[in-house]
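Taken one at a time, structure 1 and structure 2 that follow are two forms of one protein chain, written as structure tokens.
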Structure 1
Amino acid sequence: MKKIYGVIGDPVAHSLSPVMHNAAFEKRGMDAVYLAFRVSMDELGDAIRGAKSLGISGLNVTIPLKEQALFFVDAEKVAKKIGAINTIDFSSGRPVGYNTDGIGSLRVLKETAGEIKGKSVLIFGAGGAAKAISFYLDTEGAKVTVANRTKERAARLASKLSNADAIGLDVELKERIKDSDILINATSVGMHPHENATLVTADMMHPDLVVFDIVYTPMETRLLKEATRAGVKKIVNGVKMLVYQGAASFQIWTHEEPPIEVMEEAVTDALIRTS
């Protein structure tokens, strides 16, 4: 019997998770399919309960549902600490929530920036993805500054970390960036169809900065274009994080080794075709 997996979010049409996971299933010879389901915040509980009733094997959760979805699952320990989930597994008969965003982002940053301990990281956003990334950076010994339009929300996130502070976006960001080793956009700013949006411009950056944008549609966001203009040498788009967090979800659901190269190639090809 074919197994069904999927991603829930609102919006969700932009998601390349179906392309990525279906390529992985084909590579591993699995009788499975991965679909995208648009689910509003008001329908979230019904959607998760319905997925369980319909025999869906697993779900990913994307914006803006990651935090609220925590209340409809049995969250594993790390996800509970983070306060958000992006993966649901139904194999035990009940929905169990995990968070693989932090795993994916940390792997990307270690490949790009090397040792994380002692690094000063400025992260934009205080939602589900920002929570996961900040949690893993904090456990690795980074000094995290959370920047968000609503400073109170940034402060709530920072208070859960061992070495973090919070700022609003009305501060002098250029000074903050000057003292940062890594800059991460963990918001949807710059995502299609708002490709021209950015929170940071070239004049605010320095060449030794690592700039990481979790947005992957488009592959080169306005933020990354500004980083190139500033002479930044280490620039990372959201494709690797999508692949690595997806690979971790794949392993949770199937207990199989994920074909990471195939998954990345599928995402990259899809982005090139639509660019």
Structure 2
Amino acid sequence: MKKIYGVIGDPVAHSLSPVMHNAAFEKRGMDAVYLAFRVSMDELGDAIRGAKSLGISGLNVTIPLKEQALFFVDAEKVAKKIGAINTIDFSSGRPVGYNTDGIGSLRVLKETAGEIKGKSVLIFGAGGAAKAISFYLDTEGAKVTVANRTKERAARLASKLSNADAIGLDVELKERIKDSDILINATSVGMHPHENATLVTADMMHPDLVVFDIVYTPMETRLLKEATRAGVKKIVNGVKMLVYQGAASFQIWTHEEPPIEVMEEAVTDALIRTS
């Protein structure tokens, strides 16, 4: 029987997950389909219970449901710590929650920066994405500085990590960046339609940095352009994180090796088509 997967969120129409996962199912010759379901916060519990009753195999959870969804699943340890899930697996007969945003970003960073242990990471943002990324980096033994416009939010996040501090954006960022190995933008700054916005310019960066932007519309953000101007060689865009979090969900659900290249191509094509 055809297996059904999907993403729940509100809004959800523009999600790239259907195109990415359907390409992966096709590549692996699996009899499966991935759909987008618009679910409001009020209907979240019913939607998850209903999905289980209907025999849906797996779900992704997106904005604004990631935190609330935690209350309707058995969550994996790190997901519980992060306080948000983006993946539900129903294969054990009960909904089990995971946070593959963190897993995906860690894979991106390991591939680009190598060993994470002992690295100094400056991460901009203290929202859901920043939380997921910094919990995984902290678990790997990085020294994390959380930089956020609302400093109290940064302080709250840093206090939950084992080796982290918090700053506002009003400090001398160049000095902080000088001491960092990895710089991550986990805010929405630079996202369409504000393509010209960036929190960091070329004069503040050094060539040995790894620069990673989670924003993927546009694929090359102003931050990444500035990094190129600064001579930074290790630059990663948000498509990789999107693909790797999707790949981690795919693996949890199917126990099959995700066809990463096919998934990345499907996402890139869709982004080019809609830009």
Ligand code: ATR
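Residue indices: 1-based, along structure 1. Note that the structure is a prediction, hence the values are computed from the model and not measured.
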Report summary line: Taken from the structure described, the form predicted in complex with this ligand is structure 2
Query raised in the report: Per best superposition fit, same rigid part for Ala227 and Gly127 between structure 1 and structure 2?
Result: yes
Query - Rotation (degrees) of the lesser rigid unit against the larger between structure 1 and structure 2 - result: 20
